[in-house]
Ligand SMILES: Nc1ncnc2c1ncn2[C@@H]1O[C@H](COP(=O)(O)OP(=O)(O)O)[C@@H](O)[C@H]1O
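Before any questions on how it binds or moves, here is one chain, the form predicted alone, in structure tokens.
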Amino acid sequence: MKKNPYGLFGLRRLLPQLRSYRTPLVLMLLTSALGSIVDIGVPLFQRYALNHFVALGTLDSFPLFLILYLAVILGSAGLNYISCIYGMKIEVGVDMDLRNAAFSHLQTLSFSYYNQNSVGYIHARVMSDTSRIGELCSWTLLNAVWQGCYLIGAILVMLLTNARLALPVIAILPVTALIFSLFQRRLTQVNREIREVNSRITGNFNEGITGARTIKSLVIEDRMEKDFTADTEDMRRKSIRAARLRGLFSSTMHFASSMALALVLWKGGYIAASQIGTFSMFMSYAQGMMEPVRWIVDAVGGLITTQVNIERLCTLLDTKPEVLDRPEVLERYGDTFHPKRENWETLIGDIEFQDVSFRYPDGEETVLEHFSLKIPFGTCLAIVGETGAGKSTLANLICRFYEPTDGRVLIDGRDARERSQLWLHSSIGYVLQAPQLFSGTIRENLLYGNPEATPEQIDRALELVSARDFVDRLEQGLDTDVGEGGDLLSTGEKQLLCFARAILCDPRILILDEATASVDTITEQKIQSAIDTVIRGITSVVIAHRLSTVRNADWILHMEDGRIVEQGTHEQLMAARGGYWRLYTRQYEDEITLDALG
């Protein structure tokens, strides 16, 4: 059997996260234990009142009894309140710390992690799993102490008071625990099935909203409705089954409690007449002991489930980035969150591939093999080719989002691995084909490029990309909310803002990865005009599918299957009448045809 690397229930890996909560944890557990002990004493007051005040018909010590009883009630309420306060602080604190740790760690992971794991998977690790762990560290521990102390205390009091009467009640507890355990397993399985169906329903609902345009264009509303109805019907059946099990479980619990009371009545009849208080106390404990037993069975099942949450979160936290800075590099340049900018050299912009071979971590096929290329500072290099030719791979290697399987990528004559990732990334502007904005205003999104940018610099960046006009037309201008992912703006407007944001970085290397592929012709012309202005004095790499955007490049590479098959200026490649000429001519003819049809 494989040993769990995270210890029993994954708790060994979790303990370091709880060190800062040692004091609140101790106080929570202490007040919970004391509150349970005080609650155990309540039936003893009941016993004394019946045996003394009722049976003897006297009120000689009633004032003192009342004061003590009120003190016990208030003490129990106070202790339980304090333990709940600490429990809440621990839960929200652990949730916050684990989510911060997970999110921060995600910022350090390489692109390969995001390629291999879905957004839903990562979201569940950061949100759902941390929530379950927070509950374990607070309420589960609190209830474990309270219920455990109450069960042990009640058994001890019963044994010390009347062992003959206590033993039959105690004997029923293991049987009750077994019954509860059987129900708990069934309920856990049904609830797991319900969560799976609910995930499908949520996914279908999300697709129905985000894919509304595609659904209507394909005329598949009826199919989508049938799929959604089938899932909700499955959810209904499983929910009814779970409700029946919960009802039967609740009835069984009440039956077990009644059996314990029946045993007390059967065995305790002989003391009822002379010691009615003791009899009443036993009845209270017999009823009260069923809840701790039920809770302990539930808690064990919950702990097993939470072990999965702990292991999944720990797996995320223990995942190592594919791209790592060496210790000596971190010592000199700092890391992502603690940069030592005073040691950073000025990046010039010379790029060189030296005998580079590369394959993606999750793939077996070699994308580049013994690839060499030199891009001098100030060059505008365009890379063209069919899908899968290796164009974006070159950009990823320049940015050190991935590292070569073999060979070296040099930045300013030095291996990129000799300096930190943050040093390199801070001097790169990157514009993707799919524009990505963050929730917030236009101004806030632009400031991601340079948090210290002045209003004049923002205006200049907007002017360069011809975005000033459309921003001015908005009612709130730069303070206009862009919506989630920028959905309140058009694709072209989003792309212009992404380009302006890249300019605000004041990059020494600018990479445009098919940045005009998803925009209209007018927006493309605006971006092309901005490119011609911005690239002066910096190194730029333009990956393009539309060949009309690369005619002014200093040098063009035509790639196929990770190899350079042609290179030169636009005029040279057109004169050669090779693969580039065929691509360009075909695109030009397609555009003419579309214009004629339009």
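Don't overthink the numbering: it's just position in the shown sequence, from 1. None of the values given here were measured: they were computed from a predicted structure.
This protein has a second form, the form predicted together with this ligand, left out of what is shown; the following refers to that one.
**Student:** Each of Pro24, Ser32 and Tyr86 within 4.5 Å of this ligand in the predicted complex, by any heavy atom, yes or no?
**Tutor:** No, none of the three is in contact.
**Student:** Quick one: of Glu456, Asp487, Glu331, Glu365, which gets a non-hydrogen atom within 4.5 angstroms of this ligand in the predicted complex?
**Tutor:** By the 4.5 Å criterion, the partner-contacting residue is Glu365.
**Student:** Heavy atom within 4.5 Å of this ligand in the predicted complex: which of Pro168, Gly153, Gly288, Gly388?
**Tutor:** Contact residue from the list: Gly388.
**Student:** With the partner removed from view, which of 101-109, 458-466, 496-504, 356-364 is the stretch that lies within 4.5 Å of this ligand in the predicted complex, judged by heavy atom distances?
**Tutor:** Careful reading of the contacts points to 356-364.
**Student:** In the predicted complex, does Thr521 have a heavy atom within 4.5 Å of this ligand?
**Tutor:** Residue-level check for Thr521: no, no contact with this ligand.
**Student:** If we define contact as a non-hydrogen atom of the residue within 4.5 angstroms of the partner, is Thr393 a contact of this ligand in the predicted complex?
**Tutor:** Close contact exists here: in the predicted complex, Thr393 approaches this ligand to within 4.5 Å, heavy atoms only.
**Student:** In the predicted complex, is there a heavy atom of this ligand that lies within 4.5 Å of any heavy atom of Asn115, even though the partner is absent here?
**Tutor:** It does: once this ligand is placed as it appears in the predicted complex, Asn115 has a heavy atom within 4.5 Å of it.
**Student:** Does this ligand come within 4.5 Å of any heavy atom of Phe371 in the predicted complex?
**Tutor:** No, Phe371 stays farther than 4.5 Å from this ligand in the predicted complex.
**Student:** So which bits of 399-417 sit within 4.5 Å of this ligand in the predicted complex, heavy atoms only?
**Tutor:** Residue within 4.5 Å: Tyr402, and no other.
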